[in-house]
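Form predicted on its own, single chain, as structure tokens, below.
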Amino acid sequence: MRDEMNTQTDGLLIVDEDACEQLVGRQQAFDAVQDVFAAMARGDARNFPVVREALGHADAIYGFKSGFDRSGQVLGVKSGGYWPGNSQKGLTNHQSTVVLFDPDTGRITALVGGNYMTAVRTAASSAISIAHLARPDAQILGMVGAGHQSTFQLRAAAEQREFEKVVAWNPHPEMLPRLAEVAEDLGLEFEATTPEGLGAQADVIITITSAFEPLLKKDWVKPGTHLACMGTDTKGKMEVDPALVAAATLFTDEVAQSISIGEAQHAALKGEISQDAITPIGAVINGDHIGRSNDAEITLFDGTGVGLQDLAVASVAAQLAKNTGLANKVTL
């Protein structure tokens, strides 16, 4: 969403977290992320190698995600990471900032708060997968995980199908009331259950945890289910049984990340799936892949989180902030 932001006249736009929340809603995030997934599949946009390192301080993980969307003319980098002790300080554990540059000159154009944007773009990704891959008659939504991101996921998912009920499980059940409140706000029945009970009921399942062991087994998931695995992606992560991954029709945002740090890494390492078995979701968006082929098929979207998602929503925020006067400006 580039409106020829001229750095010579506009200077540097600073869009803080409050402005991002005011300007970028679920639909804007959905549209921006869907467009960039489509551009990736066409070869019009690419992510650059990710840098992700343990700081050796405050138990923090810090890194960079960057890329260039030629079709959208968006260039930039997201810098940030995970500080597990932040919650005790009243801060969000995930902290990040997006820096945008003019692809024609390399001049910096905007600094955009990345915390809210990370949450809304991650929810948009799973919502896109539901829109394109879940059965049209899906009625029950399963939620595995009840952390900060889960409420964003629930609200975005609820807009994609006519769900009637939410079933949820979290390893710390005292956190489930926040999901129950959102479900009530959406007019949906809510039930706290076991992982087995969740799999037996749900037509769509979203996993949003930091697990390193399977929380859902293959035999617990019924035919026709769509899964969106959206939890923290890193070496060793595992939210669902690798046998379930191998049995499903697989889709992802970026194949290279899916098999290296995403949900497909274990099945790939065991030789149970090949890289060719995973389809970029952008191919479905572009009409180059059918997506779900029948009502009994289990589909799985591995949302690994790519830098281009962050750049896409940050570009929307910067343009809207410029248009509405909500951005602070610094002359370069």
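The first residue of the sequence shown is number 1, and the count goes up from there. These numbers were taken from a predicted model, which means no experiment stands behind them.
Beyond what is shown, the protein has a form predicted in complex with a small molecule; the following relates to that form.
Considering the small molecule in the model of the complex, the lone stretch of 164 to 172, 185 to 193, 104 to 112, 128 to 136 in range is 164 to 172 [heavy atom distance within 4.5 Å]. Proximity to the small molecule in the model of the complex, defined as a heavy atom within 4.5 Å, singles out one entry of Gly80, Gly145, Pro242, Gly72, which is Gly145. The closest non-hydrogen atom of Thr209 lies within 4.5 Å of the small molecule in the model of the complex. By the criterion of a heavy atom within 4.5 Å, Gly67 is excluded from the residues contacting the small molecule in the model of the complex. By the criterion of a heavy atom within 4.5 Å, Gly282 is excluded from the residues contacting the small molecule in the model of the complex. Contact check for Met230: a non-hydrogen atom falls within 4.5 Å of the small molecule in the model of the complex. Heavy atoms of no residue among Thr225, Thr249 and Arg292 are located within 4.5 Å of the small molecule in the model of the complex.
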